[in-house]
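Heads up, the chain below is alone and in the form predicted alone; it's given as structure tokens.
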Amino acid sequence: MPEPFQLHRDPFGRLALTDAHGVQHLGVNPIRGFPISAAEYGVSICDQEGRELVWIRRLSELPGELRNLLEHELSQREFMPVLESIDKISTNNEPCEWQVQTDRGPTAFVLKSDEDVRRLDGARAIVTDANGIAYLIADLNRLNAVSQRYLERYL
């Protein structure tokens, strides 16, 4: 039984989808439906106008080569550094500058409001900076004591 769709790169490196009817769609974009809470589930492949062409219930259900191409494309589009420690927060008032260590190295960012720090399920949290970049805290309990003290005010 043939796959309901195929993905490949066109000669210009753009992601292309050939649907079940043989129609080719150039420049498609995969988008996770639940990028944080259930990254393995629910991926939409949309055309350049944002219309959904294919809904994938679970990435693990795809054949290996197709899944690898899709996961690679998603990893190129998604940017969510993991916050590993908080070195310093400039002031107790917002906006304030945070100096942090991430899985991609040290960085500093501005936090506009205490509402930009949100607890997720379990011991996870997200900090969103003034530019809209989200930093994942994978496990609040694994942060050092200084970082946990800084976060007490926000969570």
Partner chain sequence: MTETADHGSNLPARWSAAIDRALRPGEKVIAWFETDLNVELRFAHEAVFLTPQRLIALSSSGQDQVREWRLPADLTLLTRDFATVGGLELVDSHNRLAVWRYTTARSAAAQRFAHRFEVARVGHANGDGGLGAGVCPSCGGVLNTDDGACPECTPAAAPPPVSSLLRLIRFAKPRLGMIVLGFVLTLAGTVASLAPPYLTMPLFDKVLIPHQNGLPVDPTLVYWLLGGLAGSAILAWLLDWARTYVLAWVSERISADMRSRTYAHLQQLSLEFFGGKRTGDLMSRVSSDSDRICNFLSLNLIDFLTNILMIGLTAVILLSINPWLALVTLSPFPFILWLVHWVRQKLRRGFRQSGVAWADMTSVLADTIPGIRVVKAFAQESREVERFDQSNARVLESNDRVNVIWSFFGPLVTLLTEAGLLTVWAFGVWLVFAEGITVGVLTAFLAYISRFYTKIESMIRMVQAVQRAAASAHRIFEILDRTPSVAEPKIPYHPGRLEGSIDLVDVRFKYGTREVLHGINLSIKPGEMIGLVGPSGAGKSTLINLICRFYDVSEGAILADGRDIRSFPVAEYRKNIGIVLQDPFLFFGTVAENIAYGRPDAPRDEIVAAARAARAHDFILRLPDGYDSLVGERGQSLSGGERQRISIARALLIDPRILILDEATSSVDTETEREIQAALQTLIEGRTTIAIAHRLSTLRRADRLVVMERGMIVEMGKHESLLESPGTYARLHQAQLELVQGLGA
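Numbering follows the first chain given and starts at 1. As the structure is a computational prediction, the values presented were derived from the model and not from experiment.
Keep in mind that the form predicted together with the partner chain is not shown, yet the notes after this line are about it.
- Think of it this way: in the predicted bound form, the partner chain has a heavy atom of just one of E40, E52, E115, E65 within 4.5 Å, and the residue is E115.
- Screening K88, R57, R104, R124 for any heavy atom within 4.5 Å of the partner chain in the predicted bound form leaves a single hit, R104.
- Within this chain, P95 lines the site of the partner chain in the predicted bound form, having a heavy atom no more than 4.5 Å away.
- Taking the partner from the other structure, the partner chain in the predicted bound form has no heavy atom within 4.5 Å of any heavy atom of A138.
- Using a 4.5 Å cutoff between non-hydrogen atoms, R149 counts as a contact of the partner chain in the predicted bound form.
- Contact annotation for V23: none of its heavy atoms lies within 4.5 Å of the partner chain in the predicted bound form.
- Contact residues in stretch 120-153 (any heavy atom within 4.5 Å of the partner chain, taken in the predicted bound form) are N131, G132, I133, Y135, R149, E152, R153.
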